[in-house]
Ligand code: PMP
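As structure tokens, one chain now follows by itself in the form predicted alone.
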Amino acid sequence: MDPMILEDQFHRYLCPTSARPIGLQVDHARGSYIYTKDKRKYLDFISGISVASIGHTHPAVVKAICQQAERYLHVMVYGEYIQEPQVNLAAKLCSLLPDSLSSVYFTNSGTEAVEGALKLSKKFTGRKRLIGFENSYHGDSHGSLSVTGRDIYRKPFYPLLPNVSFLPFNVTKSLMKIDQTVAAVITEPIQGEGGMIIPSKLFLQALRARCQKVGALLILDEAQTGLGRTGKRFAFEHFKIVPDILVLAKSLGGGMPLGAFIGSPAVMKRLSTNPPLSHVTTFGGHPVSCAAGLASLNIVLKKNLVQRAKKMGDTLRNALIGLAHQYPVIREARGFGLMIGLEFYDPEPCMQFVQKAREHGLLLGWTLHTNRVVRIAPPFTLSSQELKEGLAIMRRVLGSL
């Protein structure tokens, strides 16, 4: 299709989610690059918001998708028929997790996984209250938005769920407000959309202990951080804690839509009784998505990409810290593994940095809840040469601000 016609129809027929979409006309994507219809290529340092952990269009994932698509697509609502791709991926995930996290419920997305986790916590505990944290992000459906701690996104959709409270993130003394009326506390181990905010180990350990003391379930939303992004398989390993319910999404599907919430059999079985089918999804755990997810996860494990994410992340973060010392517009570079935030002092140079980087062929992004932090989350498969290429573009752009 002619690019001008395609752009016109994009604006005419697709519901807009921003006033000025980025508007790259994607032709194809391979590895660390996205290629557009105007014959340009862009080095992707955001990976579709932490989705393309093994790069775009990995041959092993494409092969798994094609093979499963030839066998069968959708056959029945989730959980009723035994479907090999679901079983295999669930078994692989549970083999990587503590014994207390050994029962998987697949969904289509992260926000749906959060919805399921919230419902489950109420049903299991018999309690009504939920607690989230300020500046958190858990999705955009009514339930997940209800526990997202950013009023600018919440207020247009009031009323949301009742009995939801928010505590300041990384403030240990506030945790005493969690009491025996609370069904669950939900948090990201690292606040991604909030600006790549890393809490202290003491804070998350105190949160884990407080939830256990009062009988509230601890839900960790690892949609962004899970499956190697932070240099460990799961971010909770950095903090030496284990949640009651773990939420996964984004990279879980290897580029296909897939989410999951995972808990103990004793907790998860509550969805199957009183009444049965307490939580049902038609397309959650789609066999093609699960086949893609298993192929992607196997690549991560066989190629030691979690360790590579740590190594490449350390190199990239140290280089960015150097840039922060060199260019006064930058306040700080922080993160774990290949989940890094580059914070500017002011919004305007932050926006210009992202825009000019794109003009030079490097894709970056800002975080949803702050206009001063640039998100940097390239694929784990990023080569040393690609890393140097990205850093060279960043230096060039910073020099022009």
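All figures in this text were calculated on a predicted structure; none of them were measured in a lab. One rule holds for the numbers: they count along the sequence shown, beginning at 1.
In what follows, reference is made to the form predicted in complex with this ligand, a form of this protein that is not presented.
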If contact means any heavy atom within 4.5 Å, which of 237-245, 282-290, 155-163, 185-193 contacts this ligand in the model of the complex? 185-193
Only hit among Q86, T230, S146, T111 for heavy atom within 4.5 Å of this ligand in the model of the complex is T111
The single option of G139, G116, G132, G313 touching this ligand in the model of the complex, heavy atom within 4.5 Å: G139
Candidate site D221, Q224 and K250: all three near this ligand in the model of the complex by heavy atom within 4.5 Å: yes
